[in-house]
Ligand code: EPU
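The chain below stands alone, shown as structure tokens; this is the form predicted alone.
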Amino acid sequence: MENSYIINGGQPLHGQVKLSGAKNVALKVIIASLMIEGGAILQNIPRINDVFELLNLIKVLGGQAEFKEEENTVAVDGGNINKNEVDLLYASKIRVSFMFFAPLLKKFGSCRIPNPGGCRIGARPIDRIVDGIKALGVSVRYKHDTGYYQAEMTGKPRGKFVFGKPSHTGTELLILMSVFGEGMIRLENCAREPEIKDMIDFLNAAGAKIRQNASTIEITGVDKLRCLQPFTITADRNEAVTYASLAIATKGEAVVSSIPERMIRSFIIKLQAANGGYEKINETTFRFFYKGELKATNIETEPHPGFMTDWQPNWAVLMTQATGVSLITERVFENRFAYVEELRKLGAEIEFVKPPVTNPAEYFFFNFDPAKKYNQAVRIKGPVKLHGGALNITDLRAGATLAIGALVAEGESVVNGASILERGYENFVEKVRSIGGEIERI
């Protein structure tokens, strides 16, 4: 047996967890660095599978990208990139490859990018991103026979674009497309995730002129960008919620650092409503602990500043230990409940239900098709005593959920597909062991 975790659960976990850099910042800022004259030095970059795949892709294109001797420091320079086509193999592994439109169009005026890969948690709104690129004056054609997008650009990007529904990746890509644009480019109804602010801060520190006001972003084009000093990315809010959920679900505690409270505020609000313990130690350090019987709590996922879609799988495990009936409604992606059947193997009482939605096309953030059947809500009964089982990871966040479930459950569990979880969690085994978890990677 390979690529699996052996977990012995059923014990309260206690300890401290220092969070790694945010995956969803690291990947985007690395790509943004390809547009920086002379490259960039990036700090707090997590050593995770997705980052390693991205660095390899940059090297295949002719660029320079590697971890330095300093821990979690990466040097990136796209000056020697000599190919304008992203290989299908790498694109199938990481969805962020779609953002190569920006650096490759700037350097070559044309490029070929395949349909992106990553976790299959829904169709994802690629059409919104393509519409945005076209609105800035880029010609984009999709070839069904090859699975590639062919893009060509004459002159500088220009114009404005209004997202029909917010798109996290779309917002970041259009920002990168616009930094060297003609005049001022205005983007409206943008995603507001804090990871976007981190990328904006990085670009502005390098000389970009980007102004963000809620969901509106204005970019005034510049001639060049140059980094004068290393840039340190923020901590991973998904990792923070994972370890907070793990500690409380096992009736233990964890001190988590270092992350601004604003990045996990919507989680904290729901946690307190569920009678989960929370204590602010300082501005970036927090104690999460079990303080007594958890209460069933309903959540709906939505873009920031709402309850994040990536958090709801973790929340599902937490609610298996809460008294009463909880409801989780997924509004962002249409295939986010792959973990349900796996948690049932541990004894969780979860069933799909149909949420009472009068206007689904407006209510859901994905492109709702009335001809399709969706499973967008689950009902969870608790508390239940989970037991060990054999589980299979299907996507990154579901992977963390199954590991949490196995650590809560009494007895031994085997969790297959460890490499999927490790796409986004740095030193997962070591961190779980540091708070008392019995876990082995085989």
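All values derive from a computational prediction rather than experimental measurement. When you see a residue number, it is the position in the sequence shown, counting from 1.
Same protein, other form: the form predicted together with the ligand, not shown, and the subject of what follows.
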- prompt: Any chance Pro166 has a heavy atom within 4.5 Å of the ligand in the model of the complex?
  reply: yes
- prompt: With a 4.5 Å heavy atom cut-off, would you call Leu396 a contact of the ligand in the model of the complex?
  reply: yes
- prompt: Taking heavy atoms and a 4.5 Å cut-off, does Tyr363 contact the ligand in the model of the complex?
  reply: no
- prompt: Is Lys345 close enough to the ligand in the model of the complex to count, meaning some heavy atom within 4.5 Å?
  reply: no
- prompt: Heavy atoms within 4.5 Å of the ligand in the model of the complex: which of the stretches 240 to 248, 301 to 309, 285 to 293, 78 to 86 has them?
  reply: 301 to 309
query: With the partner left out here, if you bring back the ligand in the model of the complex, are Lys23, Lys28 and Asp127 all within 4.5 Å of it by some heavy atom?
result: yes
- line: the ligand in the model of the complex has a heavy atom of only one listed residue within 4.5 Å, and of Val256, Ala322, Leu225, Val332 that residue is Val332
task: Identify, from the list Lys106, Arg95, Lys197, Lys270, the residue with a heavy atom within 4.5 Å of the ligand in the model of the complex.
output: Arg95
